[in-house]
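This document starts with one chain, in the form predicted alone, laid out as structure tokens.
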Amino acid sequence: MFKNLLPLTLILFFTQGTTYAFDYNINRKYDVTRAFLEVNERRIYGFIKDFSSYRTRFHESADGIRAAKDLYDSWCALTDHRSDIECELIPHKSTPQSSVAIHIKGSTDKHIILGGHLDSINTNSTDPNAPAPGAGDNASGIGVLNELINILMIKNYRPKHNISLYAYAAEEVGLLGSEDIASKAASNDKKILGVLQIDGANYKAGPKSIVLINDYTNYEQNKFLGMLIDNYLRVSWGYDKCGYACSDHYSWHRQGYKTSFPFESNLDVENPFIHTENDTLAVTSFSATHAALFTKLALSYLYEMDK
């Protein structure tokens, strides 16, 4: 999660991407509940453990650049048996770190976007190589996306709409990767049904299991996520606000797209170790239970949007 205020020009100026009215009904319960059976907490845990084993994933560090390339290689290996899937390593002018994407081709010209940031940061040091394992922020979110890819491959899922999963570069220093990707999507008039951001998915604190960030997000899509939680997950949830452009959802919101950002806890009890060398799996008692819950939310969002 990005902790600092963005430049004023980024906050104030909005453009308008192509969005579409969507009938937020829940009618794929059989498919969703069957997909839930494939969620593997041990696989999610293993991914988070591996992805947080780099000394840092800071966007300017050699490890951070390598982490993006390694993720690209891993996602390509997961999907290379499918001719309808493109694996993409996306360079940016604003950072040496690349973003990573998986694109699954559908039969329409509309798109569904899910994403989270791959970089990490240690705000206690100015050294770009300072330890920043980023297990919670945001190896957990990329772990959710990685598990989603695994399940879609296990189910041999063939979508109606185009589906893109993004691991954004350089979120921690100003949403650089997602800003580039979202602005290009708007410039190309990409027709996007909705965007889901996964940033912080494995730290459970406070009474709410899932908290929907309600600033710089879409009211209707947030209500839909609440319906998904009530119907499929049946856990406590609520709303909170960042008060600033706190994660990559803002980049899409700024372009006029419908976005949502479900978070792991209320912000007043969020993981106190993010952006430090202590953001490790020890903080979550070496468990990925909460990330498995977020995987189910992402699955239900994808399936119910893809119709």
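Counting begins at 1, following the sequence as shown. Just so you know, these numbers come straight off a predicted model, no measurement behind them.
Same protein, other form: the form predicted in complex with a small molecule, not shown, and the subject of what follows.
- Every residue in the set Leu267, Glu270 and His275 has a non-hydrogen atom no more than 4.5 Å from the small molecule in the predicted bound form.
- The partner is not drawn, yet in the predicted bound form one stretch among 255 to 263, 48 to 56, 33 to 41, 65 to 73 has residues with heavy atoms inside 4.5 Å of the small molecule: 255 to 263.
- In the predicted bound form, no heavy atom of Ile113 sits within 4.5 Å of the small molecule.
- Mapping the unseen interface onto this chain, Cys242 counts among the residues with a heavy atom inside 4.5 Å of the small molecule in the predicted bound form.
- The small molecule is not drawn, but in the predicted bound form it has a heavy atom within 4.5 Å of Gly174.
- Residue contact with the small molecule in the predicted bound form: Glu147 places no heavy atom within 4.5 Å of it.
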